[in-house]
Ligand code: HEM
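Let's start with one chain on its own, the form predicted on its own, as structure tokens.
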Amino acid sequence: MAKRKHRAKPNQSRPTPSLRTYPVWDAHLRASHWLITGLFGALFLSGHFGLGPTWLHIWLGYGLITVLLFRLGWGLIGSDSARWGSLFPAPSRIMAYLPLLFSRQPSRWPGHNPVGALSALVLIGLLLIQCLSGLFVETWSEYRGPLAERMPRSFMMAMTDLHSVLRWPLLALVIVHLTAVFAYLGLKRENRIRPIFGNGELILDREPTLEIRGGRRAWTTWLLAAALTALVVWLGPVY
């Protein structure tokens, strides 16, 4: 009886995914990131070290308020990667990502990973509190926030203390954020600096299902943010 020949089974292992660049962060989201970074640095230097005149610190603060208001609005109607829903990861996703945090394997995450998203949320929240408290600050020097005279003195002094103390947690978070970015560059060989300051494209192993928005919707959000800031400026004296 003739023996049956057994055919070799095809290799069923998954092929290595090909890496390609895909657009993730839109131009307006990237611009807000640049502006927040630069304005916070300038505000810290001018506020803590007294570099520059008082009016410069005040108007830098108005600039940061405008950018943060845009970021709030863009998180509601902007690109998918800018939406607040993408920055609120489920606890299960956070726990699943933690073992990969210190791994040398690139994450190829289409945007913020779950841990980075939480860090970004806390940072934006603290920046908002810092800016709001600055509107009510009153010191014994020439500085006075535009809304200081509209509130009781006890409230103004509490806001002054908060504004003074909150700079340190903010600085610590910025340092942690920068350390993580450079650690990813050295440990995982993932460059997240070039995309956020470049064209917003990330090297991924699969195409993300993201809708990138901009145009009239983005510029309208910027104008509304600037109008709200202008209203705050108009409400009260700077000094």
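The numbering used is simple: start at 1 and walk along the sequence shown. What you are looking at is a predicted structure, and each value in this text was computed from that prediction instead of being measured.
The discussion below concerns the form predicted in complex with the ligand, not included here.
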{"item": "Residue contact check: L64 to the ligand in the model of the complex, 4.5 Å heavy atom", "value": "yes"}
{"item": "The ligand contact in the model of the complex: R192, any heavy atom under 4.5 Å", "value": "yes"}
{"item": "4.5 Å heavy atom contact, S164 to the ligand in the model of the complex", "value": "yes"}
{"item": "Partner contact for M151 in the model of the complex: the ligand, 4.5 angstroms, heavy atom", "value": "no"}
{"item": "The ligand in the model of the complex reached by all of H33, I36 and V174, non-hydrogen atom within 4.5 Å", "value": "yes"}
{"item": "Stretch 33-47 - residues with a heavy atom within 4.5 Å of the ligand in the model of the complex", "value": "H33, I36, T37, F40, L43, F44, G47"}
